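Single chain ahead, by itself, as structure tokens, in the form predicted alone.
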């Protein structure tokens, strides 16, 4: 019998900040860009559950988050504590959580900085697997002073969805016999891979929940959505054969910066880009990878049009100088008429490395 667990940290960045500073306990916290009294650029990375009561959530513009904080203040509620992102702290906690899970399972896949899949198929039954999950939850709470939610299921799909159903600090097990019925009454958006556009497309056809979606044949979904339609046909029936991949390596290392003001000032952009490249390369040097083969950049204009350009090098490289030189060559055309004929101001730039060799 296959038993897969999915562990999802609760408001990870914000919870770590709260746990690390007693003065923040019980206060609404938003981690992300500096709001600059409502004039800041960028977005919220994570908000704790107290801040979410104000309507603040991940990816919300930081200026909007600040406005919601001020509304709460007028209503007599605590103002939101805005904190910068501290990836060093979060990555350290990620490694500590990974080591805790590894005590109980030989097969663990970090799905992101705050999510993990692990195999508990060695358990006799779901009751025994549940006990293991609660030991992991308790150890994380004792060691890091933060909580997580865990889901159990016959595969990664069911485990992930069930983990999200009982947040925060929750647990839900969905045995194999109940998996398909468990999915049927869920909104279609709960199925991984169904985004806003696909949801809107189905909503226009009167499809709101998974049970409605099951009316379509595999051929019909294939015609509507291509190959993804075939995958979806099986997902909504609880079928997911994807394996847990323990040594899941990063596909890219990159960073972006949103400017305080839209600009085409080449000196200002150049200095910011140089700092981004230094930070990206520093992460590459500590990643354990031996070399990279592809470099790339991202440019977002003031009208939010976003362009990405990449170059595959003739041979693998580990040279900082080559990385900086090649990415700068990719960026420069966006500062003049070659790739920016209307001379649009730039809002965001980014640089990245890809195609690594261990």
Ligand code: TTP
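Residue numbers count along the first chain shown, from 1. Because the structure is predicted, anything quoted here is derived from the model rather than measured.
The form predicted in complex with thymidine-5'-triphosphate exists for this protein as well; it is not shown, and the discussion that follows is about that form.
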query	finding
Whether 264, 306 and 334 all lie within 4.5 angstroms of thymidine-5'-triphosphate in the predicted complex by heavy atom	no
Proximity to thymidine-5'-triphosphate in the predicted complex (heavy atom, within 4.5 Å), stretch among 126 to 134, 227 to 235, 210 to 218, 111 to 119	111 to 119
Close approach of residue 167 to thymidine-5'-triphosphate in the predicted complex, 4.5 Å, heavy atom	yes
Close approach of residue 52 to thymidine-5'-triphosphate in the predicted complex, 4.5 Å, heavy atom	yes
Residue 63, heavy atom within 4.5 angstroms of thymidine-5'-triphosphate in the predicted complex	no
Contact flag, residue 354 vs thymidine-5'-triphosphate in the predicted complex, heavy atom cut 4.5 Å	no
Option touching thymidine-5'-triphosphate, based on a heavy atom within 4.5 Å in the predicted complex, out of 67, 298, 317, 45	45
Neighbours of thymidine-5'-triphosphate in the predicted complex among 1 to 40 [non-hydrogen atom within 4.5 angstroms]	8, 9, 10, 11, 12, 13
